[in-house]
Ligand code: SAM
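In the block that follows, a single chain appears as structure tokens, in the form predicted on its own.
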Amino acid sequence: MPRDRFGREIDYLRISLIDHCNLRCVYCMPLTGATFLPSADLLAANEIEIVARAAVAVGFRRIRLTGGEPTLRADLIEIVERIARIPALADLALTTNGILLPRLAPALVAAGLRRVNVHCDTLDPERLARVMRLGSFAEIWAGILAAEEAGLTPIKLNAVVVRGYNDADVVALAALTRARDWHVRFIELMPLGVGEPAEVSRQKYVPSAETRAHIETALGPLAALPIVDAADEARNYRLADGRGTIGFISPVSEPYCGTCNRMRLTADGRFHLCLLNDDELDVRAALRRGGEAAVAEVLLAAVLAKPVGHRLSAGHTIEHREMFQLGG
């Protein structure tokens, strides 16, 4: 397992398959004016497989497919099949808004996908339309149920908390864990990028402590769960009568950079070293020059170049990418 300069074990690769999305969440993408990669600039399925094989060969054990919205890739099933058959890969998961899962979930399971995280910011249809835009609660909920029925479990729901949009809805989301063994996770806004979504993130930020207090006031105390994986970005809790778990991901108020184990591959073929830093290494040229061995060399260099953490407290954020171009 590769280690960076700070002794962190880096074994988790997040692969962005596409920067397009069928939603326009207020903190992620503007309604108009966003530009996207042409299809020719996206890594092909066989190239994604080469990167995944190189990553596993040097000690990576977990891979997550992200976007934009990864289910918009016409060759998604092929990509999953190619990665799932790599020996020694311990986990293959997908982050999605769930809209296309009713027709894709069974095929994804057959191809080898193991789990999904579904983005759902509220259970209120009107407020969901306001914060996530272009999608409906009915579509997302149908996708969640389709994933559960297909066996893509445990289901994880990700909700980004935005003041004035869905901060009043965290209680209803947390209450889902009483009857279901789902993981509901509340994520702090990150001021990533320089456009309109980043401005929303700065103005509408809600710290996790406030979200947790809101939930406990309404539903009762949350019992902290043991930390099983030090690299888990969520701090997890359970209600006294809960079947599932409630997690808080707090990159701003409680940074977890010291235990970060992630590397990101952008859809256009660059290793992005830290979500909230602009540093990247180009891997596309290595792919086409030397195949798996050359990719492994670039990946290990990226691990060694990984920064110690973000600098949000000093006012520094990423300028050359937006969230939809990185997949979170």
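All residue numbers are counted from 1 along the displayed sequence. None of the values given here were measured: they were computed from a predicted structure.
The next section is about a form of this same protein that is not shown, the form predicted together with the ligand.
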> Quick one: is L189 in contact with the ligand in the predicted complex, heavy atoms, 4.5 Å cut-off?
Replying inline: yes
> Taking 4.5 angstroms as the cut-off for heavy atoms, does C28 touch the ligand in the predicted complex?
Replying inline: yes
>> Is it the case that T211, even though its partner is missing from this view, gets within 4.5 Å of the ligand in the predicted complex, heavy atoms only?
In response: no
> How about R73: is it within 4.5 Å of the ligand in the predicted complex, going by heavy atoms?
Replying inline: no
>> Checking a candidate spot here: are G67, H119 and S201 all in contact with the ligand in the predicted complex (at least one heavy atom each within 4.5 Å)?
In response: yes
> Since exactly one of L101, V206, I79, V160 fits, which has a heavy atom within 4.5 Å of the ligand in the predicted complex?
Replying inline: V160
>> Among the candidate stretches 253 to 261, 215 to 223, 91 to 99, 233 to 241, which one is within 4.5 Å of the ligand in the predicted complex when only heavy atoms are counted?
In response: 91 to 99
